[in-house]
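In structure tokens, the next block holds one chain alone, the form predicted on its own.
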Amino acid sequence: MVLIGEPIASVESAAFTFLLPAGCCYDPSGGAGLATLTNEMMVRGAGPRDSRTWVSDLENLGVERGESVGVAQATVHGATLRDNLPAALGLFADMIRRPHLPADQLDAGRNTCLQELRAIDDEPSHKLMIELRRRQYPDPWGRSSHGEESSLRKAKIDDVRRFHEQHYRPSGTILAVAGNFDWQRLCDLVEQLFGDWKPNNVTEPSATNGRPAGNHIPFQSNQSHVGIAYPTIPYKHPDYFQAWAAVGVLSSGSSSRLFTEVRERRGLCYTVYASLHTQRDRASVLCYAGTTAERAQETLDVTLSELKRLGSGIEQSELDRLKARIKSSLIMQQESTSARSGALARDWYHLGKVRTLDEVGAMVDALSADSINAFLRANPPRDLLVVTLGPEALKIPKLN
């Protein structure tokens, strides 16, 4: 297990983020959703505490917490006052290493997962982006952590316990802590809590071509939803910030191109955005627009036109506005120990090192319209994938 710490003497809090190699890419064949079900069961008692006592003790410490499952990893994070950090880490060590995984609560945990899965049908925008990622990335890297209803209903408590035993392990786990703490005391505490954790190496799954077919998902509604994806470079690439800034010009803030052209000037849609979605070895720009069924085709055409125009380059004034927003975000991250612990863990996962906020600020300052335009000339939006959800399929123009 890797331990990363960034002491910040000017704050009164401390936050921690665990990244654990227990994402849905490890769901077994016929077991879609097992990673999420396991994560849900782990908060139902751990160590010497039953479910109610574990949660009560966290609340008494004032811990703000959260757990989630992504494609490659499960994330567990918490934040509390500095004096409560040791006790909080002890509670989470029990949850990660010694969860009860009680058989008599399996149905309750399963029902929670099924409710979250069904809720996707009430959020068609969410449903579309799930389908877009499934078609953009090779399996298992395009999977949804929500899984499938049939698989969740078949899951047994032995499946949950086996998944936990195999994938909640020190090999590949990252713990990052940021805030007001003493580094040596933290090292001693983590050694006490995790020093005897036995390794269990599991091979990361290989990518396959198991992507769903089809570009349209029928959905009876007065609205249509448009998703567009194209490949770009991942976070670990030296030119990542060039790609990130280009997408920022496209979609960051109310002065961005998509907001200005698609929503403000033409009034085509109620929501439009693009984001750079990165995994460790692959990345994509994912775009979304939600509109009425009558204006869906025009919305798709105009959005594609803006993507094509981005390949022709950006202007310095657009970059200047983006830099102002980025610097504000960096300042706010510096004031949030939760955000900082998450950034430390992600940096180590993607880069094998940590960038300081000053380093990130310097990289942002070094961006120029010329450098971004050079990147766009070499890496214009191409190999575009379009997926739509709504009452009627749209005409997808020929894409390069």
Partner chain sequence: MRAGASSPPRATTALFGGEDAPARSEAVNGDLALEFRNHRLENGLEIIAETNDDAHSTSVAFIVRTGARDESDDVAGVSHFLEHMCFKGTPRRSADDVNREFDEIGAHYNAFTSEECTAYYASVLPEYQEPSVDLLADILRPSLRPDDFDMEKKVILEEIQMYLDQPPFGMDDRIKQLHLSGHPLARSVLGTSASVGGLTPERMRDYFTSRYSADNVFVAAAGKVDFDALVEQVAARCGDWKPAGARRDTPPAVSQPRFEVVHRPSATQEYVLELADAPASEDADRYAAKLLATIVGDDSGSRMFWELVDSGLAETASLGHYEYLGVGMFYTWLACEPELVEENLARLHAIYEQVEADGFSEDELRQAKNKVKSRVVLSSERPQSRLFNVGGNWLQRREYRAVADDLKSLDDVSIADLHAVLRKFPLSRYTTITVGPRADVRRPGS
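Worth saying up front: this structure is predicted, and the values here are computed from it rather than measured. Numbering follows the first chain given and starts at 1.
Same protein, other form: the form predicted in complex with the partner chain, not shown, and the subject of what follows.
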property	result
is_contact(A366, the partner chain) in the predicted bound form, heavy atom dist at most 4.5 Å	no
In the predicted bound form, R52 touching the partner chain (heavy atom, 4.5 Å)	yes
Close approach of T208 to the partner chain in the predicted bound form, 4.5 Å, heavy atom	no
The partner chain contact at W141 in the predicted bound form, heavy atom, 4.5 Å	no
Which of 165-173, 290-298, 192-200, 209-217 sits within 4.5 Å of the partner chain in the predicted bound form, heavy atom basis	290-298
Whether S13, N60 and S336 all lie within 4.5 angstroms of the partner chain in the predicted bound form by heavy atom	yes
Selected contact from L250, I228, V160, C269, since only one has a non-hydrogen atom within 4.5 angstroms of the partner chain in the predicted bound form	C269
Proximity to the partner chain in the predicted bound form, single hit among S305, S275, S329, Q279 (heavy atom within 4.5 Å)	S329
Neighbours of the partner chain in the predicted bound form among 66-99 [non-hydrogen atom within 4.5 angstroms]	A79, T80, L81
